[in-house]
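In the structure tokens that follow, the same protein chain appears in two forms, which are kept apart as structure 1 and structure 2.
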Structure 1
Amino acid sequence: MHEGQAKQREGFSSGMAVFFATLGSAVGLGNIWKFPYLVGENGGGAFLLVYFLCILFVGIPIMVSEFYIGRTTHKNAVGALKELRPGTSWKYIGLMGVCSSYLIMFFYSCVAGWVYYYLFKALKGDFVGITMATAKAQFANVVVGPLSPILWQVIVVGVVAAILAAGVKQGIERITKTLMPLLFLLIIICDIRALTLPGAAEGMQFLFHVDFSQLSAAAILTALGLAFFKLSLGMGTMMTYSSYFTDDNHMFNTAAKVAVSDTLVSLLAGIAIFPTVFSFGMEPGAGPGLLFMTIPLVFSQMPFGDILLVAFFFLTSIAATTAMLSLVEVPIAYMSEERGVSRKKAAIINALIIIIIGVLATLSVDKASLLGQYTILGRGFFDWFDYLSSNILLPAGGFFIALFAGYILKKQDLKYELSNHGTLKIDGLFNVFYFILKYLTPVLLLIVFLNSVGIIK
């Protein structure tokens, strides 16, 4: 049944399109500031080693499992699980993914709006002669608004919805094949400039020193969580994108290339940021402020800094946009395939849902505002959307995907599809993958979940 549907259903045109789209899903704003900082703070090269081990034991097994579920059915996250195990409750894993995508988009679209606004400001030259005081004031104005952050949130969601309304090939594939190579080019340009700054060695030392003494239990748990969250797992995106894969795609190779390339983007971003930050004596642990306050300040103080600042915020907007494409595609695919809504109408409906509820997150950032002062159990709307998705639904979704692939699916069915119907020689690789998926990944994801909700630390 699903083979006939696959011929009628739109999909990616090539392995290259699959790679760029999947990488675009994994690369997001966290790659630009959060991951490089965590690497530097937790032992540099030592943390990277642990992170790669966590990718092997958690990231790639779950990614490949999601690839299997999507490609073997050529359906959305809910429809795929309904087809594989009809009449059971496993479809709710897919619904969890749809809910996760919504919750993430409610607050992520807010931050992406800030990025778009900063790109606009950089193009206008608003950061010429900026000081730390004016940098903080500008960021406060962007966050407080209230009209400007809502306007830019609407613009971001509108751009994403327009791309997705165009379809899989004309929308997702065309944009990611264009933007992902451009992102790499822009990062490398920023890297070259950053490495020529006096004092750049201190930033490189921060990022790549190897210090196993900093590998605490908390650092290892951080690496474990990152290996899962950074690759867009447990939220239905990889399941949905893989439903558009070509039938000859080597899913193990795609998962490995995406994991390595995603990490490479993060490290290249770190090379662009931290030598620059250290050269000007800034604080590397500024969190999101590193993106919105420190970077405009340091770039404005170097030759051709205005051009580099535009390039930096353009690459950051690319990361935000491609990540959002995959997130919004999850409910669009579900709505168009399970509810019979046309793709364009589904794109409009989802854009409206994200904007209407996302405004709650945007207006709750300003703690002095009415919504900012309104909290539930100590959290505002922005923080609740983040907490429920990142700490509850994503690790729970990943855990159940591991159980589904390792214990519910038949081993021979999994192997048959992953070997492209027996055309790939993957016996040894599959046996290692299956052992990890069945016995290690669920335990590690349970630890991620317990750590996320604060039961273990």
Structure 2
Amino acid sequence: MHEGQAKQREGFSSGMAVFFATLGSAVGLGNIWKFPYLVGENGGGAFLLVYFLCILFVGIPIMVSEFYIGRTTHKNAVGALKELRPGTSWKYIGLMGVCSSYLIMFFYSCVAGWVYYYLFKALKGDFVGITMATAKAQFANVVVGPLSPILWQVIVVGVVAAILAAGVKQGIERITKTLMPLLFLLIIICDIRALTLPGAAEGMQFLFHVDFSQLSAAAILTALGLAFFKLSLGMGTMMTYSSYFTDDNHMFNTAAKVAVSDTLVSLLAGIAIFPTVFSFGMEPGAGPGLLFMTIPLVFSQMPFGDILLVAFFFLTSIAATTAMLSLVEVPIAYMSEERGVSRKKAAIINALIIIIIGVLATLSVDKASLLGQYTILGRGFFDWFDYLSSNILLPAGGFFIALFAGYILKKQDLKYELSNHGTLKIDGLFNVFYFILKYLTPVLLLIVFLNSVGIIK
């Protein structure tokens, strides 16, 4: 790192800005696309309960730890770990994060491409008079392509790279601050309609009824992976974002508010989707297409539905885009600060990597896709990128971050920074956090891991 670079770094301007920027990273396709379909595939309520526990005992403590690492050093993930423990292997956790960021982007950019494409289709009026059968057929068409999903994926990556090359931080918070509440409102409108469909109660029952016989070891690992994915944890995004935080930010508060708001958005999305699924007699375990098949149907049942559907896909595109900005920011901050590559060049290099490999994901989503028949151990590229990142690398990264914060760093250093150099009274809160971080978080992570590979039952 060069002299004086820390001063040149652009940061978030205030506490509110910190909250909205962080929320902009957390809320994305994870809430609207991944959460509902995983709840659907894994049997509903019991999965949801495990997910909540993962957020509380694993997600929030790791988020606070990442905040500490980023804000105390004001550096990218690799540089931060290097500075805190120079000459050790901890920096490789940062590098592992850079790898995870790519794996996620390979498939995330594909799904974001579908969302942009759906926005375009909604504008054209493709969903007017839609039925369950045509909803399914339209999704199958979009996914199999092959040219249009690649085109939209390239557009998405281009938009993200252009924004990142410009290095805007203030832009992200401002967009999130105005558009996120609108998305929230629109999902609530969706909920009201979905809940008044015939047969809606069955959907609510599916979502909230806890039946542990539905829960497998693999599902527990999936819930854990989803918690990481949702809160953007385990790969340095939150370290990188917190390196731009203001020094007076109450980081426990920020973590709690982000986790609660994010979970609320996911739940509201679930409440829009499951009643619709049951009302139209669809399968809750329909997989990655669940969002795309149900949402046009709910809106088709509403006054002004076609305009509201456009608004929905517009706001979802924005949420997906701000989440992606935070994903690609990790390699970009690393390349520009540790390797001396300009931000612009880093943005171009990353965009190319993501497009070239990401196309493999896009061409392998469905059995009918161009590369759909090529699988390794039963999974195509899309599924492998998703599985490796969410279920392996993010929890592994989180495990090491918890060890680093709980066992390597000094307790008083953590407390000093988290209390904003002693200005906040956080004694009780800190003790609870530290206990969980040291004794619960890593142990839970280990148990879930060993359980899912069958070493313990």
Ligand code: TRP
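Here, residue number means position along structure 1's sequence, counting from 1. Treat the numbers as computed from the prediction; the structure is a model and nothing was measured. Definition used throughout: the rigid core is the maximal C-alpha set that superposes within 1.5 Å between two forms.
Here, the chain labelled structure 2 is taken from the form predicted in complex with this ligand. Relative to the superposed core, residue 300 undergoes a C-alpha shift of no less than 2 Å between structures 1 and 2. When the rigid core is held fixed, the Cα atom of residue 44 travels 2 angstroms or more between structures 1 and 2. Once you line up the core between structures 1 and 2, the Cα of residue 56 ends up 2 Å or more from where it was. Relative to the superposed rigid core, residue 213 shifts its CA by 9.3 Å between structures 1 and 2. Core superposition gives residue 368 a CA displacement of 3.4 Å between structures 1 and 2.
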